[in-house]
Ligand SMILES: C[S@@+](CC[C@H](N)C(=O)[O-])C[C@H]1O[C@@H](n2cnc3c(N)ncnc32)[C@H](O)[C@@H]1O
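Only one chain is shown below, in structure tokens, and it's the form predicted alone.
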């Protein structure tokens, strides 16, 4: 049931909020270049709106497969595919914990902010590793565990029990009150832009499943699987407590 709740949550989020293409592409270029992905096969695991699938496809990937459990998200992704008139991208409803693809099927696996919304993040990562080719590239963005995480979880566990029809309104109200805090006390610019504060608040406080990890936990797990870390971004958000950390790693 938790998986279905996550899917229904993103039916709401990724039909209303669509990241800006240009800002998303600038963020994508922190990790990949067109030369690096040319003629490669790509899995966008937990594709949401499909924005990164579209970016991979537009930058020369041979074939991009975007998967998600949210039908609303996939509808948004299909509309983006039509808008950009792309033939080298497909979107499928699939569960990241049980991927239908054969071993060593993709050159690149992109999982931006998704494994931590599954019921078993390490099983999800194992599945992503399984379908990645040797010498393939894996990108993982995972929520950071900090000293303030327990406060965040108290707020989230309170708000997710409010009536679902009020979530958008609550997010907008919180955005009004929190915008001065973000303006005056932010630690850094957000590396992935093109998202409204109310959208971020929805994702912070209303998603049914949200796991947190320290970078050392994920790095240790990847290295135990034979991966070589190629790039590490310690925080992608304005505050440590709302950030993803990102690893780009090579499967040796």
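These figures come from a predicted structure and were not determined experimentally. Numbering follows the first chain given and starts at 1.
Another form exists, predicted in complex with this ligand; not displayed. Remarks below refer to it.
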{"item": "Residue contact check: residue 47 to this ligand in the predicted complex, 4.5 Å heavy atom", "value": "yes"}
{"item": "Non-hydrogen atom contact residue 171 with this ligand in the predicted complex at 4.5 angstroms", "value": "no"}
{"item": "Proximity of residue 117 to this ligand in the predicted complex, heavy atoms at 4.5 Å", "value": "yes"}
{"item": "Distance check, residue 94 to this ligand in the predicted complex, heavy atom within 4.5 Å", "value": "yes"}
{"item": "This ligand in the predicted complex: contacted by all of 6, 52 and 69, heavy atom 4.5 Å", "value": "yes"}
{"item": "Candidate stretches 107 to 115, 130 to 138, 172 to 180, 150 to 158, one within 4.5 Å of this ligand in the predicted complex by heavy atom", "value": "107 to 115"}
